[in-house]
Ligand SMILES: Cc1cc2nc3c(=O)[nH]c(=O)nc-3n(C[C@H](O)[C@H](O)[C@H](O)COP(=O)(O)OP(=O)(O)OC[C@H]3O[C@@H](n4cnc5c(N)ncnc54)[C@H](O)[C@@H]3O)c2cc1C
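Have a look below at one chain only, the form predicted alone, in structure tokens format.
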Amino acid sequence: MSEQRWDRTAGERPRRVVVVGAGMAGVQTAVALREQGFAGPVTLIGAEPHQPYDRPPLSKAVLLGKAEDSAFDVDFEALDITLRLGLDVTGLRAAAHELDTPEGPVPYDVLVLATGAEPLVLPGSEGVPGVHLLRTLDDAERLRPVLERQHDVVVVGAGWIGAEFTTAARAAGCAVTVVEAAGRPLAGTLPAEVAAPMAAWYAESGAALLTGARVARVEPGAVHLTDGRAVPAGAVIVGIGARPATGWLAGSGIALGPDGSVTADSSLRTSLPDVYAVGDCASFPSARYGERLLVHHWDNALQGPRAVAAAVADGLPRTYDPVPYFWSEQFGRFVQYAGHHAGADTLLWRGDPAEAAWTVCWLRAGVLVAVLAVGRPRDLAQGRKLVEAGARIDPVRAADPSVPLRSAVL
């Protein structure tokens, strides 16, 4: 499709939009621009050589060999979106409206940063044979034969990625030991009383969970803990968190937060003119929750680009203040979360956490602010809408799992 087909302003050079990052946030930005009727050239730059792909299947179908890849079903040529893959962006020169790359400068009129996050590396494990991360398609392809050979596996970190990888490794028949420095899984994400029941899921799957266990060093064939124990390891998978991939912006004038995120405003605009930021690399102020949020989840990478694309297409800023949402498939359970529970003053259980299905609701001054649902998708669907609406909830009725959440509204 020619560039002229999209040019609605004869005689004027259309604005050039360049999107850096070809993951979910970047792809959705490019596609949404066309859906919003944007007519100018759109270039999508990705550091990986692969056709743009979705990441959640990497810890599931791709890792287990049930799918070769998870490429997005997008016809970039038909949408007249120029792909530049396998290209590193090394710097941003705002005054010139140019990006630095090994292939020369890339000019832009509007720039969207969608570089995502990069996994944290376990100190001292760099270069040790058999140590893996799970973030990219190449990572999943390197790990696939590890599972096929049913190696003894050590997973460092009992967060979301650690749980999902453990689930896949046990399904493949591997012996798995999970090493977690905190006293429980998901310590940085959920309160102790909510995360505690999830610890039993590891044992049910046949995995060993070692909490309060810190890694002293990793050697080929073993992970050594600070208490002197040595855990046999044919392979080590590190899942200890991620940090926004923004190091390349040093010296650019883009304001970054202490967590490394691009500090976007309520319309996802950065501190530089004509530059937006979306997805895992960007934080934004939430009027709903009264604090700045950094959301490393798929839904944020889907919704934020739509707001940016609409603003670029018609020049009118859109306030972005979503109810964060994510899901995780682990140990035969479908776990969903909507909202943000920091600052909540009341926690309600719906159901018994020892059972297969249960829900937790968080309230602040009687208003539902977050919901965690395990095997109760109806609770999540209704709860998400109630959080969005800022609904006040009757705590007695909300705590009764036989009462639909929407029926607990005051």
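We number the residues from 1 along the sequence you see. Here the structure is a predicted model, which means the values were calculated and not measured.
Form predicted in complex with the named molecule: not shown, discussed below.
You can rule out all but one of 231-239, 276-284, 171-179, 123-131: in the predicted complex, only 276-284 has residues with a heavy atom within 4.5 Å of the named molecule. No residue in the set 38, 109 and 308 has a non-hydrogen atom no more than 4.5 Å from the named molecule in the predicted complex. With a 4.5 Å cutoff on heavy atoms, residue 339 does not count as touching the named molecule in the predicted complex; it lies far away.
Using a 4.5 angstroms threshold between heavy atoms, residue 135 counts as touching the named molecule in the predicted complex. Interface membership of residue 56, defined by any non-hydrogen atom within 4.5 Å of the named molecule in the predicted complex, is confirmed. Using a 4.5 Å cutoff between non-hydrogen atoms, residue 144 does not count as a contact of the named molecule in the predicted complex. Among the residues 364, 60, 34, 385, the one placing a heavy atom within 4.5 Å of the named molecule in the predicted complex is 60. For the candidate set 47, 357, 344, 348, a heavy atom within 4.5 Å of the named molecule in the predicted complex is found for exactly one residue, namely 47.
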